[in-house]
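So this first bit is one chain, no partners, the form predicted on its own, shown in structure tokens.
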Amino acid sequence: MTMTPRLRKFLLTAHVSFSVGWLGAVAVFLAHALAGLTSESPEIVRAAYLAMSLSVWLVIVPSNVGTLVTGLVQSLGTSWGLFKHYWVLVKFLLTIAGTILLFVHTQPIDYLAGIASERFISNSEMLGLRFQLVADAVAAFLLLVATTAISVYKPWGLTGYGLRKQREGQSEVILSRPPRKSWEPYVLIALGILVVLFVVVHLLGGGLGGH
């Protein structure tokens, strides 16, 4: 499926808008998490955790879903493809990992917001959970910065599938050249293993059970 230029530009605009909105909302969420952890004012702490829950469900989750859907549709509807270039595939895997961790952490966020809606939270209460939200926000922010950098620099190169597709449209002279050995597959495999391990360890050790 190949999109028309008008549709491609529309989806690109939507994808960039959702991505920027996601990054900005996570930055605001991090500010709220820091305020909830460090502020001496009970009113500010209470407001911070209430605002965090609202920002997650009204801004971060829609921006995340919008980024994922528009990015997937755009990759499948343009010459970039989803499996042709390592940078597209790596970015997609990072977005999937970010989505999983986001939905895992909606439960503790709502839990804190529920308590804050009923009473003030003292500085000594649930420090582990409050530290965890700050750490998660920092991790999410760095992940989104990484995906943004990947989109700009487009590192690595074609995957094995992408090389085969490229060669299908080339002349026999070019096809006769020996393929260049590449280290990109090993980078992708290592990154995929790290992402899977991070998600599994987080879910088992510090995810829902830890919260």
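Here the structure is a predicted model, which is why all the values come from computation and not from measurement. Heads up: residue numbers just count along the shown sequence, starting at 1.
We do not show the form predicted in complex with a small molecule, though everything after this point is about it.
Using a 4.5 Å cut-off to the small molecule in the model of the complex, each of 12, 151 and 154 places a heavy atom inside that distance. Proximity to the small molecule in the model of the complex, defined as a heavy atom within 4.5 Å, holds among 61, 68, 34, 158 only for 68. In the model of the complex, residue 91 approaches the small molecule with a heavy atom inside 4.5 Å.
Remark: residue 74 counts among the residues lining the small molecule in the model of the complex, judged by a heavy atom distance of 4.5 Å or less. Put simply, residue 144 is close to the small molecule in the model of the complex: some heavy atom of it is within 4.5 Å. Shown alone here, residue 82 lies within 4.5 Å of the small molecule in the model of the complex, counting heavy atoms only.
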